[in-house]
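The data below hold one chain only, encoded as structure tokens and taken in the form predicted on its own.
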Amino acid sequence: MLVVKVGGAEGNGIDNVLLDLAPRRDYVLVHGGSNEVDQLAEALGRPIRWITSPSGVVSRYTDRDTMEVFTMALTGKLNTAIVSRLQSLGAPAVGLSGVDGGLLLGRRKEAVRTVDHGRVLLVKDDHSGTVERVNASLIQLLFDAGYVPVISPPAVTSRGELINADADRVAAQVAVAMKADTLVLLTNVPGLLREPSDPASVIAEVPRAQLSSFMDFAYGRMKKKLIAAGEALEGGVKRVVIASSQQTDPVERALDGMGTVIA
């Protein structure tokens, strides 16, 4: 079993990923959609705001209005487009949000700490959270019937409240729940870079025991990918690969070790 997550930021080669995955039947696909969310928010006159935690992790500020945009962009547009494209390539894809069948059950954070001009503030109206349980039996049901599950946030709480859950960490939790051998995180850069402006400075291998020390090389949303990698490995996944979606055959190349391998 393989879990593949493709990012939704600008510059990702989502079609490269789908072309590579279409002939396979051994995977679950998880996707984000940050670029679609940003574009829709701008079109609706609801510009996105970002918050930075004291540890330097950057997240989207998700108030009630932004959650509506988030849901429309991911489940209403991008998930449908990905499923349609996979079906056109011969893959029997089924689109699922974290709400469907209680697929991604989580907990909304009571407050989020953010740094603003050197001050640490508490944001209490943010609808973000973490996934605590994956309905693996639903995924397995589809998998056993020959379907390809395509999963996106949002997640949902036990009270039916939608929460913005990071797609990298969702993919990690799905990989753990499905007892996947490998988690592939495909993004718009070649992997974890020693120098963020130099694509040739890819760190080819990160020993699991030293993962925390490599956080110093992670900028922006790459920090979330390393956090997700750590959660996947801790949950029993044997290998995580962070690699580029911009090349042809990105999944096969990642499985061959092209990118940053954490094991």
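Please read all numbers here as calculations on a predicted model, not as lab measurements. In case it trips you up, residue 1 is the first one in the sequence shown, and so on.
From this point on, the text means the form predicted together with a small molecule, which you will not see here.
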Which of 59-67, 36-44, 231-239, 215-223 lines the interface with the small molecule in the predicted bound form (heavy atom within 4.5 Å): 215-223
Contact test in the predicted bound form: Ser152 vs the small molecule, heavy atoms, 4.5 Å: no
Contact test in the predicted bound form: Ser244 vs the small molecule, heavy atoms, 4.5 Å: no
Residue contact check: Val115 to the small molecule in the predicted bound form, 4.5 Å heavy atom: no
is_contact(Gly95, the small molecule) in the predicted bound form, heavy atom dist at most 4.5 Å: no
Answer option from Val176, Val189, Val148, Val131, heavy atom within 4.5 Å of the small molecule in the predicted bound form: Val189
